[in-house]
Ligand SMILES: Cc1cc2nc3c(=O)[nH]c(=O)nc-3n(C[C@H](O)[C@H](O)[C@H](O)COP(=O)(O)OP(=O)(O)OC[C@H]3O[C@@H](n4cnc5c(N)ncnc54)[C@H](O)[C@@H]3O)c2cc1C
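Take a look at this single chain, the form predicted on its own, given in structure tokens.
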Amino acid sequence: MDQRDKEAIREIVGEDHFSDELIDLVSYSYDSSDHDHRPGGVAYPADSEQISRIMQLANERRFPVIPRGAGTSLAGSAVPIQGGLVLDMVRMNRILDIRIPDRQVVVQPGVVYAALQKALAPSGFCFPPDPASGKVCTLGGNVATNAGGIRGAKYGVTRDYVLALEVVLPDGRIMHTGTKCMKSSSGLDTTRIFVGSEGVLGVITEITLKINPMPTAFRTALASFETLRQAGQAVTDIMHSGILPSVLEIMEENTIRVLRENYGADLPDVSALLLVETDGYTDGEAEYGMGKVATAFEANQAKTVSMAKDREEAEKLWAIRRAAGSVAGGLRPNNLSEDVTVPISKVPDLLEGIQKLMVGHKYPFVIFGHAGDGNLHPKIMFDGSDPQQVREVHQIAEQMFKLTCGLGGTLSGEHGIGLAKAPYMHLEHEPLAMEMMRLLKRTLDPNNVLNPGKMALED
């Protein structure tokens, strides 16, 4: 970007809504990953028309444009790795419509996940995906990364709720996809092309989401196991029992120890813990589900099983689980936080395989995650200022990805590919599949101006 580009952007968004001050460029040079690179400027557009004009300018002048929500990406998806202009969607933060009879909401991309939940609560409805960063992450980012969360076992991920989109294409054209109907078999599903595309195909400017009635009854239990195999088999048995728990989380022994020693959590000294919740619209429904869970615990020799007496006690258990990532991350200056995912039956193999990979290494690590949909979060702590540690940790990551893909898994269950996992796309996707992805990118963005460098889409 040169001064002429910057002046043109100021004319589009207004003098007060563009910055190339150093303090802002540094702030927008990174997200929640370990990647960073300064942009040339930051713009705060107010509507899709302004974004359309910016994209037309970017194509004419050949500078990169990087859409950004709250910057919570753990894969570097929002890092302007080739410089250019960051589009901060913070001003596009309105809930445009809540249509309870249609079970739909229409929002702008800058709406924070928690703000939507708060707006829906009086009507007894919710947007079910529950990302860990829900208090700060934006719905545009959720759609762009196909975000999931702890309730994925029963309620799925963002993709399952996106009905329609407004998207500004890389050349500035404004496209509308999808339908206001709950289902449609009309033409190719262009909406799905943009969900999970990490901002490389278009800038999402309006989102129509399906919403669900909020469950009113809950049961929560914590079970401990002497071996990972027992815990893993309990997960499989629960998911095959005829009920779907709303949450089914696992924490292995390193996570348990870190939470006990650094968070003061009253947890047993065991190989694995399963934290399970069942829900429903009556107490009987939630109780029936928990009965099935208890049977699976007993069949797999759970050492202890404790049931939360009320919602307050359950929330204390969830607070411990939610603290796992941040508490572990504080053990070293840097951490590699992954979200590898395998078929549910392969969860024990992945857990044991990752533990074997770490044998002989000095780095503290933890494994926790959403066992109910096979999505685990291995987290390795290290010092990023030491080049040898960086090399070794990335070698471990590559071995982890090979292990995952060898088990029929995927590199990412919810974080996305971004920069962090781009070098490993070939482990999961055959050459023809990668060529089809690149062909789509070239077709929509022939000048490669929209979020370049991500997902290994450059030839």
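Numbers follow the displayed sequence, beginning with 1. Predicted model only: the values in this text are computed from it and were never measured.
This protein has a second form, the form predicted together with this ligand, left out of what is shown; the following refers to that one.
**Q** Should residue 140 be classed as touching this ligand in the model of the complex when contacts are defined as heavy atoms within 4.5 Å?
**A** Yes - in the model of the complex, heavy atoms of residue 140 and this ligand come within 4.5 Å of each other.
**Q** Just checking whether residue 421 would be counted as a contact of this ligand in the model of the complex - the rule being heavy atoms within 4.5 angstroms.
**A** Residue 421: no, not in contact with this ligand in the model of the complex.
**Q** Please tell me whether any heavy atom belonging to residue 72 falls inside 4.5 Å of a heavy atom of this ligand, as the geometry stands in the model of the complex.
**A** Residue 72: yes, in contact with this ligand in the model of the complex.
**Q** Heavy atoms within 4.5 Å of this ligand in the model of the complex: does residue 259 have any?
**A** Close contact is absent here: in the model of the complex, residue 259 is far from this ligand, nothing within 4.5 Å, heavy atoms only.
**Q** Which of these stretches, 54-62, 408-416, 425-433, 40-48, has heavy atoms within 4.5 Å of this ligand in the model of the complex?
**A** Checking each option against the 4.5 Å cut-off leaves 408-416.
**Q** Using heavy atoms only and a 4.5 Å cut-off, determine which of 147, 274, 366, 350 is in contact with this ligand in the model of the complex.
**A** It is 147 that has a heavy atom within 4.5 Å of the partner.
**Q** Please identify the residue among 109, 152, 289, 374 with any heavy atom within 4.5 Å of this ligand in the model of the complex.
**A** In short, 109.
**Q** For the stretch 14-47, which residues lie within 4.5 Å of this ligand in the model of the complex by non-hydrogen atom distance?
**A** The one in contact is 32.
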